[in-house]
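A lone chain, given as structure tokens: the form predicted alone.
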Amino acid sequence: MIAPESLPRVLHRASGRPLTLAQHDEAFGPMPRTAPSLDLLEASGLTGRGGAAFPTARKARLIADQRGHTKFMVVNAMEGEPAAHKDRTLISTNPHLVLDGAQYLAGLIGARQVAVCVSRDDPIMVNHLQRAVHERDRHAARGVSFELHTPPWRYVAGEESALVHWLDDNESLPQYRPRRPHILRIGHAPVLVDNAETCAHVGLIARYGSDWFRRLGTSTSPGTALVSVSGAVARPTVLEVALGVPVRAIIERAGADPNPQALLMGGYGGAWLDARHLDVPYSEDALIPLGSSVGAGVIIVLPRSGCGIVETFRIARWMANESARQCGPCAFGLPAVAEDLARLAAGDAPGAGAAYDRLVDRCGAIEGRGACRHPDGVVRLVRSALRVFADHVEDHVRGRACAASRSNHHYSAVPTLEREEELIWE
């Protein structure tokens, strides 16, 4: 097998049906028989594709350095928001590439058990992974044992500390972590948690090396990434792109509105990006100075006919309903933020002006005070909306709500919760 020199990589040989183990080995070649190398992973520069963009090798090294004989590797394929489809697409095509990477990471940290986690409410994903894990069971010589776990589908259930807590205690509650990185444990055993896409990239790096991985992307953001593109597009799409390509090129490939109002980058806990910045490179280094990020690999295109304040309200309301409600910022703060956004969107002066003032104050009171980063994500979203849609905010505060906010038929950025959109991949 010759390593793919161009796109796609992790979606190489994607056919719409999961490759069997034999087809997978034929397509990608066998995993190397040499011992896993942290130096190789570190040289690749791979960062996590689940949202935090933390260096994968540094995360693995932290667990590898822990004493004790029992350790666990966890694959996070929960994908907890309606706009995210990249892990679902990956597992629907190349599930064994994800398991290869998990096997390699398990070898790095000295784990013999790999827990693969996917929502029980997504029967298609569960079925694909059940078959892949069963095939692995018949080839025990591959080194580690895989076990499929199916937590309930909720946004916070995919947060890594909540996922480990569910594996340890059957309860999807995020854990308070004052310092990052923080060692998560099942019982007393340290745990490494990595996103499904991250594992797939590790599976390729193990085969083809760090230099090959760096042939695409930039020096500081090497490799490729999967992007779920939805909103004002021809149809929801999952693309594999080289990091550093212009954002405009990504949405053009998805058949997006050629003149969008703004983009929501990184998912529901991400931030709005003004359409004036469409030519910015798609990388953390380029997006963070603009108040945005790659995040969880989600782009939602907002057309000119939409209202960014209304869409932000809808997402904030959904996020408030998805919280674990175990601490004040989520239980009380997020519903209050959603209510203020509703009043601002309605544009009824002076109520809209008071709502705006409360939003500014509440964002400051909520940020950094949750058990997890869920409320921080909503604060980031709201602050970006107040900045990017400043002209609309002023109109709403003055009682001149835009036509889109008064319409019952305008485009909504919040996809269907049934998660049954037809997807394509490139």
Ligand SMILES: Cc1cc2nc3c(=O)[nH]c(=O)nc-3n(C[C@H](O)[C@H](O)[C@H](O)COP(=O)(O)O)c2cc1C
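Keep in mind the model is a prediction, meaning the values are calculated, not measured. Residues carry their position along the shown sequence, with the first being 1.
Although not depicted, the form predicted together with this ligand is the subject of the following passage.
Q: 79-87, 245-253, 143-151, 106-114: which one contacts this ligand in the predicted bound form at 4.5 Å, heavy atom to heavy atom?
A: Careful reading of the contacts points to 79-87.
Q: Given that the partner is absent here, does P36 sit within 4.5 Å of this ligand in the predicted bound form, heavy atoms only?
A: P36 lies outside the contact set for this ligand.
Q: How about G158: is it within 4.5 Å of this ligand in the predicted bound form, going by heavy atoms?
A: Flag for G158 set to yes.
Q: Against this ligand in the predicted bound form, would T237 count as a contact residue? Criterion: heavy atoms within 4.5 Å.
A: No, T237 stays farther than 4.5 Å from this ligand in the predicted bound form.
Q: Closest heavy atom of D194 to this ligand in the predicted bound form, within 4.5 Å or not?
A: Answer yes; at least one heavy atom of D194 falls within 4.5 Å of this ligand in the predicted bound form.
Q: Select from the listed residues T198, S230, N94, S292 the one whose heavy atoms reach within 4.5 Å of this ligand in the predicted bound form.
A: Contact residue from the list: T198.
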